[in-house]
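Shown here is one chain on its own, the form predicted on its own, set out as structure tokens.
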Amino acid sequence: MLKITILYGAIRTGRLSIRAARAIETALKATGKAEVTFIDIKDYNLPVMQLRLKEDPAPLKEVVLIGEMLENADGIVFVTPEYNNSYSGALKNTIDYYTKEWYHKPMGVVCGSSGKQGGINASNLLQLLILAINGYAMPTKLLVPELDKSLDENGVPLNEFMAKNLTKFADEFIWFTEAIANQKKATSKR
């Protein structure tokens, strides 16, 4: 069973992108190959990062807890709304706390917006960030346009197109994560 961590990065009141986060959580669990940990950064109230976890002599317990969940993951899925053509500042702040937790991890990108583009600009920038933190960005992204028309409050797809895209993304992410996890195991045995 793969350990997948979802890092959901919106803290704004009335956030619609939580629907996308819940939808991908359900889709990953439905594969039968993933144990999913869900990190909603709104629950942790992290201050603006001043010291990375590895540099902080007295880190906040919340920072340590998130770090452990990320470190233990075989793969990570970032979920963010698109704000001003980019990912959320709260997500970036959380990412900046960590270094080794990202190293050589397969990472997927899920973005949503209330518009028709589904967060494509945020998704492109987030894939670049994944490369910068030494992660492996899965080429396929899940974009959720018109969040209120694509998913209900619990993340249940409201149309066949969204249901197919969720299943496709979850299946590809499992394959991508398995491939990298298997290679890591094979390499570590040498």
Ligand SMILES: Cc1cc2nc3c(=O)[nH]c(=O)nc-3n(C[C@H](O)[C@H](O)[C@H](O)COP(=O)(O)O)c2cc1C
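For every residue, the number given is its place in the sequence shown, counted from 1. Bear in mind that the values here come from a model prediction, so they are computed numbers and not experimental data.
This next part talks about the form predicted together with the ligand, which is not shown.
Novice: Would Thr177 show up as a contact with the ligand in the model of the complex if we use heavy atoms at 4.5 Å?
Specialist: Looking in the model of the complex, residue contacts with the ligand do not include Thr177, since no heavy atom lies within 4.5 Å.
Novice: Within 4.5 Å, heavy atoms only: does Thr94 come near the ligand in the model of the complex?
Specialist: No - in the model of the complex, heavy atoms of Thr94 and the ligand never come within 4.5 Å of each other.
Novice: Report whether the minimum heavy atom distance between Leu147 and the ligand in the model of the complex is within 4.5 Å.
Specialist: Flag for Leu147 set to yes.
Novice: Although the ligand is absent from this view, report whether Arg15 comes within 4.5 Å of it in the model of the complex, heavy atoms only.
Specialist: Yes.
Novice: Please identify, from 178-186, 21-29, 165-173, 5-13, the stretch that has a heavy atom within 4.5 Å of the ligand in the model of the complex.
Specialist: After filtering at 4.5 Å, what remains is 5-13.
Novice: Do any residues of 56-92 have a non-hydrogen atom within 4.5 angstroms of the ligand in the model of the complex? If so, which ones, in sequence order?
Specialist: Residues within 4.5 Å: Pro81, Glu82, Tyr83, Asn84, Asn85.
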